[in-house]
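Okay, so here's just one chain, in structure tokens, the form predicted on its own.
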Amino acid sequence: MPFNRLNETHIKNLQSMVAPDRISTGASVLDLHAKDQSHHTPSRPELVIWPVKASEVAEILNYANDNLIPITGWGSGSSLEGNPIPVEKGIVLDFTQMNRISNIREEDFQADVEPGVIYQDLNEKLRYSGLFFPPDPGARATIGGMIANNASGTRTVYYGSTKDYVLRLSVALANGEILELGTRASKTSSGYDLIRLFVGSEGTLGIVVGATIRLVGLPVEFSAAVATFPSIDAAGKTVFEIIRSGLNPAALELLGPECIELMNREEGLELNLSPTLFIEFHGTTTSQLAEVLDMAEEISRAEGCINFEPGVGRVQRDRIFKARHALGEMILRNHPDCGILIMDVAVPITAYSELIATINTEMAETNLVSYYLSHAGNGNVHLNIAGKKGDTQEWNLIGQIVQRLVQKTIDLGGTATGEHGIGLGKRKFMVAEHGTSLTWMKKIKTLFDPNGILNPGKIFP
């Protein structure tokens, strides 16, 4: 269905719905909302609105639906697959001013939040309560954006992803109806699980305007270790053995030597330039964690570990994981003449080593600069490949490599995206991964958004 462009009447009507300082057609504002942190082509919206309450969102959606105007939700713009890029222009709803933490119920391990709350800010407020919100994508992401993408990160292997922490949702539908989903009870078997339908839907079915999220207790004790290996394959086998052993690491990150070299140079670390596992365990006593680390070292040594440094303290641990989270920005800074394509896939743990071997083979046959990093504990692999801006031949080669690697991932029983979402970059793999079930996804999309105004151009090929 063709969309309408905004005219003066539309803009005047929309201006009546919010305060004058919360609506803009300014060029710089439109440019800021034209692109996320991905390599995908920018697309400027025609209007940006900053809502501050659910009723405003509902009124704007209702008007846009009646007038066939596309709408895209916006959190912090930290997405990596073009998820919030307004490819059909129209209106962007920026939720950065809808950022209140409405209620914290410590005894229930719950918090009520608006979509624009930054998850680090919530955890800062919770720090003296002994509770925290575990999903940790690294960037300063909003909780609304995390829900839209089902974000995860370094601690997913132990704590799970965003979908595991959403108890209730308030969602504004395309027609302006506010839908209340879920319960504050810690478990339920009542009816269809519509919350899971909206989590990860990238704002294509409805726009989150409020959530009740589950919190957990901060770990009493923690311990970390750094293990270096002669090859990524050896490190990958260690990952499998640690998971199989039932040691339950809180984080299990595998980085290639090119990442280690960058982290050493930028953050003043002194890590060995080898494929490296960063391992973290949470527990109740130091003696328990010491035993777990001994077992982890034994497993690592059996797989050819070169060096195992247990008992990394909190200061060093924080420095390492700060550098780990900043890797994406480091890579961009060190390749100013390049775009960076980030391949995000995930496979079953048993297929992890085979995928790594395929990546090594693919990259060895090129002169491309690439960086291998992964949330190894759940088989989630990221490959960052640098391509010269404007070099069509090089970008065609990168595209062919990614096509083969993603297809290999799907053939291994994996998924085209572990945490970054479909957005623009992974749409072409949806048929291969989902087959006939994609037809039913389209039917669900049509049911909730018959005019297709919500984040059009995403998810479906």
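Each residue number is its position in the shown sequence, starting from 1. From a predicted model like this one, the values you see are computed outputs, not experimental measurements.
Another form, the form predicted together with a small molecule, is not on view; read the next lines as being about it.
At a distance threshold of 4.5 angstroms between non-hydrogen atoms, Gly75 is in contact with the small molecule in the predicted complex. In the predicted complex, no heavy atom of Leu255 sits within 4.5 Å of the small molecule. Looking at Gly387, you'd find every heavy atom of it more than 4.5 angstroms from the small molecule in the predicted complex. Among heavy atoms of Ile243, none comes within 4.5 Å of the small molecule in the predicted complex.
For the candidate spot formed by Ile232, Glu297 and Leu412, no residue has a non-hydrogen atom within 4.5 angstroms of the small molecule in the predicted complex. Considering the small molecule in the predicted complex, the lone stretch of 418 to 426, 42 to 50, 391 to 399, 23 to 31 in range is 418 to 426 [heavy atom distance within 4.5 Å]. The listed set Val113, Ile279, Ala376, Ala151 contains one residue whose heavy atoms approach the small molecule in the predicted complex to within 4.5 Å, identified as Ala151.
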